[in-house]
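Below you'll find only one chain, the form predicted on its own, shown as structure tokens.
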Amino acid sequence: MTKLIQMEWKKLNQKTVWMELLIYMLILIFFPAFFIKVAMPAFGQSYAAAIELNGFIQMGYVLFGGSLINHVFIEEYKNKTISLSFGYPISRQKLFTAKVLFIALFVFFATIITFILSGLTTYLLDQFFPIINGKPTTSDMLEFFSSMMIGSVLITLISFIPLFYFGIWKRAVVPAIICSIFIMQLPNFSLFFNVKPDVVVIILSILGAISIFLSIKTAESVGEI
């Protein structure tokens, strides 16, 4: 399985993927401080509020996951290069599992790294240009790391929602990206429907897990060229 995952990385246009990741990181690292300073100072009332904001901002990696679905699945179908992979003496379910694991690992670790860098950047900027009231407490630090670990897992799962229908079944790039953008923003509008954002995130993560299951389970049929 490790070799299959490594193979997925080698098949990609690595320069393009790294450039995309760099753009996402730069935006998501500095956006919490910018948002507090310019758009919503209320999140600067405490570090607890800022940590909550940072968690929702990292949902931006759902869109990065959609981009990886395009690179790893849709482009291979469009270019017919996936037929080469289907020629290997391994089941399509195992091949799709490797593809899913590759995307999951990439999104998960990218989210973890950006969580840490955005937290450090926001803290350092606050020391020079005060935007958050008070100082971070031990409780805040524990909440930050808890949010980072749980949030990274949930974001990774959510990023797979477009995989089954738009990635494997329809193999449609634009709808897959639009779906990712919609999903990424959905928790922000949940309060309009009197639903807590955390509830929406949990529901979306379950949908992502279902999409993964269907993608691997039906690989032999839906995954046909």
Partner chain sequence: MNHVVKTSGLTKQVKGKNLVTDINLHIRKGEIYGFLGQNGAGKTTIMKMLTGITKPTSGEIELFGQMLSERSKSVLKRVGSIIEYPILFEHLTALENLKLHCEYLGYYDEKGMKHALDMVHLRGIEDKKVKEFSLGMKQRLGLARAIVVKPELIILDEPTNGLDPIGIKDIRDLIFMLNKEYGITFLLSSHILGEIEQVANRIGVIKNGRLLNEVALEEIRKQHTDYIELLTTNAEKTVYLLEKELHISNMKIIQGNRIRIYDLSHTQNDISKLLIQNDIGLEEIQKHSSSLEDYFYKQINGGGMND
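Residue numbers count along the first chain shown, from 1. Since we're looking at a predicted model, the values are computed, not measured.
Keep in mind that the form predicted in complex with the partner chain is not shown, yet the notes after this line are about it.
Judged against the partner chain in the model of the complex with a 4.5 angstroms heavy atom cut-off, the residues S46, Q127 and M141 are out of contact without exception. Under a 4.5 angstroms non-hydrogen atom cutoff, the partner chain in the model of the complex has L95 among its neighbouring residues.
Looking at V153, you'd find every heavy atom of it more than 4.5 angstroms from the partner chain in the model of the complex. In the model of the complex, the partner chain sits within 4.5 Å of a heavy atom of L12. Looking at T137, you'd find every heavy atom of it more than 4.5 angstroms from the partner chain in the model of the complex. Note on the partner interface in the model of the complex: the residue among L120, I90, M149, L105 having a heavy atom within 4.5 angstroms of the partner chain is I90.
Only one of 110-118, 141-149, 128-136, 78-86 lies within 4.5 Å of the partner chain in the model of the complex by heavy atoms, and it is 78-86.
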